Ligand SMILES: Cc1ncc(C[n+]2csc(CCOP(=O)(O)OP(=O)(O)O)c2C)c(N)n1
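There is one chain below, alone, in structure tokens, taken in the form predicted alone.
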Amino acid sequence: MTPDVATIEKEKQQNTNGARPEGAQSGETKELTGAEIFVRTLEDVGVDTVFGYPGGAVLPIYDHLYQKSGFTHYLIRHEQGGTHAADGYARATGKPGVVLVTSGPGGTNTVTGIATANMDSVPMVVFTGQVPSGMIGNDAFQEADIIGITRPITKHSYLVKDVNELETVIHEAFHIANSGRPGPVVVDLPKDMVKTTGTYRGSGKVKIPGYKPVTRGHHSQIAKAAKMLSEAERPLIYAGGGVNLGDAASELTELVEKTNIPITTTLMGLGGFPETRSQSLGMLGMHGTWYANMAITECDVLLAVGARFDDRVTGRLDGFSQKSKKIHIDIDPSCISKNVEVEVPIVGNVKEVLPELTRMADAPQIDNWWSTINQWKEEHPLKVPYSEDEITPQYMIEKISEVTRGEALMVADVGQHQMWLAQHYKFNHPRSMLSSGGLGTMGYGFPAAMGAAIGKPDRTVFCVTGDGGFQMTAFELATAVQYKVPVKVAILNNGWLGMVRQWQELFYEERYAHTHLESSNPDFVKLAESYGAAGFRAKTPAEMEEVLEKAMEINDRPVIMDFHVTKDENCYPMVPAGAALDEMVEGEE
């Protein structure tokens, strides 16, 4: 039997009010079971939320959770949903997401979520059960080599071989996950390691020889960058997800305000600079704004901040920003000059490097550059088609932006809706746009939004998804209902795998192979209601506005909004695969 939410919350409150749990951080040596050491060490490192699913290999831990813990355990319905929820929690709060699952399929079901977090540098610690130590390698029931399976998609991994090392391993796992370039860490727990007794020290000390991420940039390199920016005629800042992950939005804003240099962001960098300010050019890349893509093509000095020059941003590499000298700030030296050669590399934490750069840089004389950019903005704005009879996706996103006043925490799944959200929602705060940018994981949106809402209960959390992506992890509705998580889910229901359909239309002569969903889609309103969530449907703009108003008034359970949108709408601008950024297509008038 799993403890109910009220009991867990009561115990958590008691632990909070009564200082630390017995023995935690006391320095007093105790002999405890591995399960007890596990729970106490998670409390020591400040864990308050765990997404998990029980099973035989981790039952000793769950048996201990039945008695007492200082954190809240959320019973997810599938291990993939748990990793996405932990991912959303981490991106929204800045604290590592924590997952606890059993051995074999419990571990392998986490792989997509771990890979998603790894591609986007999200701090996460995943604890997997394992068969007893003496049975590893014997093809035992529910045995899987989770360390071998996940090694290419984790920052580090541990197989615990001595219960006396468990406490140290957990401390190291959280330190590694959350320092330097963040990322997921897997800790594999053989069943005997959590059943047997070992020594708990409560010391919390972490010493990892050879692991010392560089956080301060080289002074002379920063000075060189400042001189280049100050003397530039057409400078541009290109900000990536490192700004959000590094909590450097205010430092970036100070640099832009002092220098008045135009700035464009990646999908992962949205919110790192307020889009309502005049210097913002919005998102760049495959579905970026026309003027952002032209600015990066024509600039003479490009400052990349916490970005990695991925192919969705650069387009064809030999056509990418050929007229510019490039400066790159990143905490991961392996990212610098990996895809694009840069003239001034600066290895360091963006939060520490940017203030020094701002102090040294002067505002360049760029009136002519701004005249050119403003003319591009006027001649090539983002288009918002409107019809009284049909809901266009772009209009819907703008309405959500209006209803939430740009203050909501938005979570996107993957597809056309993801790009429309990036283009038309006005992000003004860091950590306000969560999406799978690197791996492009369909099914990420809803469970990640649930995790974000759990981590940030004071914020309105919207998930924008498609009828295809939502069905991949819709079963987590049960979790959201059980724990009364008030996520508002807007399904852009066009009856298609929309982005794939768009590519089939543009590049495969309209051969729509296996992308049509309409005939088999469920009734999303009835689906929501069957789980105990609220469900609404809208087919016209007037109905849509009424549904949004109703959804904003519900705060005790998830809300599913089934918006029937224009079926054949395409997402523009678009840079075709293999083309350069200035070869983008603007679409129909």
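Since the model is a prediction, treat every value here as computed from it, not as a measurement. Numbering starts at 1 and runs along the sequence shown.
Heads up, the form predicted together with the named molecule isn't pictured, but that's what we're talking about next.
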property: Single option in V163, I261, L497, V186 placed near the named molecule in the model of the complex, where near means a heavy atom within 4.5 Å; result: L497
property: Proximity to the named molecule in the model of the complex, single hit among D120, E476, E79, D467 (heavy atom within 4.5 Å); result: D467
property: 4.5 angstroms heavy atom contact with the named molecule in the model of the complex for P182; result: no
property: G415: touches the named molecule in the model of the complex, heavy atom cutoff 4.5 angstroms; result: yes
property: Proximity of L302 to the named molecule in the model of the complex, heavy atoms at 4.5 Å; result: no
property: L492 within 4.5 Å of the named molecule in the model of the complex, heavy atoms; result: yes
property: Interface stretch in the model of the complex with the named molecule - options 499-507, 398-406, 272-280, 226-234, non-hydrogen atom within 4.5 Å; result: 499-507
property: Sequence-ordered residues of 428-457 touching the named molecule in the model of the complex, heavy atom within 4.5 Å; result: G440, T441, M442
